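Consider the single chain below, provided in structure tokens and representing the form predicted on its own.
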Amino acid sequence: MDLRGWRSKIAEEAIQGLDRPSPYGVDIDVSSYATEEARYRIDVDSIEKIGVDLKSKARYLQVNQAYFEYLSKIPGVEVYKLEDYIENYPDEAMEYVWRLLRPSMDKYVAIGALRGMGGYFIKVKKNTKVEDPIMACMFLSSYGLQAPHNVIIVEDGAEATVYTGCTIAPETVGLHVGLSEFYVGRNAKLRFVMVHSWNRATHVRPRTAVNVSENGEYISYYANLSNVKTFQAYPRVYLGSGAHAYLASIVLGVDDADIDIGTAAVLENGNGGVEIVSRNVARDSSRIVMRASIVGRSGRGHIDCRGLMLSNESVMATIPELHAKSPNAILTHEASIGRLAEDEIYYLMSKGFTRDEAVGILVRGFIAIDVKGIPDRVRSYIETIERLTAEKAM
């Protein structure tokens, strides 16, 4: 199939999904966000606050659907805007783009397929070991839709960290749909960190799928450290023989945010494994639904899902699911929802802390996750994220 025919096929399939709501989360009218204002501005301070280094050796910056900046000075690493990659390498693009995500999946993917622009293409070539994180940022500065389509390929034996930050101008109203397809080759490793900092008028609908080949490893860390109007995501990770994944998330619900977040993993044949860890904090009148699912034909899988309620008006639910396809799968889960223990608060107060300081210390201890395999430089970003999340939970 030529490139023109391939694009037509994608558009035809996307049209079929325009009226298809997601099975989870709040449904919204995507048509009101189908166009965006042409103007844009870059807020460097907001971008740097979420840990993105705009001077890194390999980076991608997108503002709305109008401004793009990207480069790579790291040998063995390619960074493109997705449209440029498709135009320059159409045969390769048709092997990877729209392979893990389908345009008709739901209305959010469909509008992204039909109206979205940009998104990064990152390739880490075979056996390349990248020490510095590859940086990416999506900034929304004016009303409308932002729907980047991101593709990461870490070829056999390669290793890299990709750090993505998504944020918005305080006065902006918009819909962010991030479409992401990641491929981790045999004996390769991808560490992916995503930090979201939105506002109380933003609707966010990431759609992510990851394929991890034989003996590959995928480490993911997601954090939402500010308000959002509605958020719904359910990334899926497919693990080949001997592949492993560690999937961690920290979610803060404030004001009247409605958040439905989950992670699904599928263990194929072989001695692979997956661990899904989530920490969720709800205050004010926010609502959080935490989902996690592991389907196992073999190997080991574990879900650790914990929620902390800081308000009598907030609502929280946990929905862990385990599906064993054979006796060779060993799957476990633990889920809990609770509040801070008053005796722990009083103990810290007896040591000289104020009540607010004591609560902050306990919240930070609750959300702290030991993310395995993260380089020291990125670990410092994560520690900052955890501190900011604890502060904003107060």
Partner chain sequence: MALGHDNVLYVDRLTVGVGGKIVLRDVSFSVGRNSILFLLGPNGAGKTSLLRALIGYPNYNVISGKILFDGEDITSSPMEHRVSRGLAVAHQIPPKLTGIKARNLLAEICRRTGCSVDEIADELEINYLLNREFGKGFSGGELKRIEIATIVAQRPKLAFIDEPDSGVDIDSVAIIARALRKLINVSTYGSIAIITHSASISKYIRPTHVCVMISGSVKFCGDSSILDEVFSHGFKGMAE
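Positions refer to the first chain, counted from 1. All of these numbers come straight from a predicted model, not from anything done at the bench.
Below, we refer to the form predicted in complex with the partner chain, which is not included among the displayed structures.
Residue contact check for Gly352: one or more of its heavy atoms lie within 4.5 Å of the partner chain in the model of the complex. Contact check for Tyr347: a heavy atom falls within 4.5 Å of the partner chain in the model of the complex.
Among heavy atoms of Ile330, none comes within 4.5 Å of the partner chain in the model of the complex.
Under a 4.5 angstroms non-hydrogen atom cutoff, the partner chain in the model of the complex lacks Tyr33 among its neighbouring residues. The chain is drawn here without the partner chain; in the model of the complex, the stretch among 330-338, 353-361, 42-50, 65-73 whose residues come within 4.5 Å of it by any heavy atom is 353-361. With the partner removed from view, the residue among Lys229, Arg287, Arg306, Lys81 that has a non-hydrogen atom within 4.5 Å of the partner chain in the model of the complex turns out to be Arg306.
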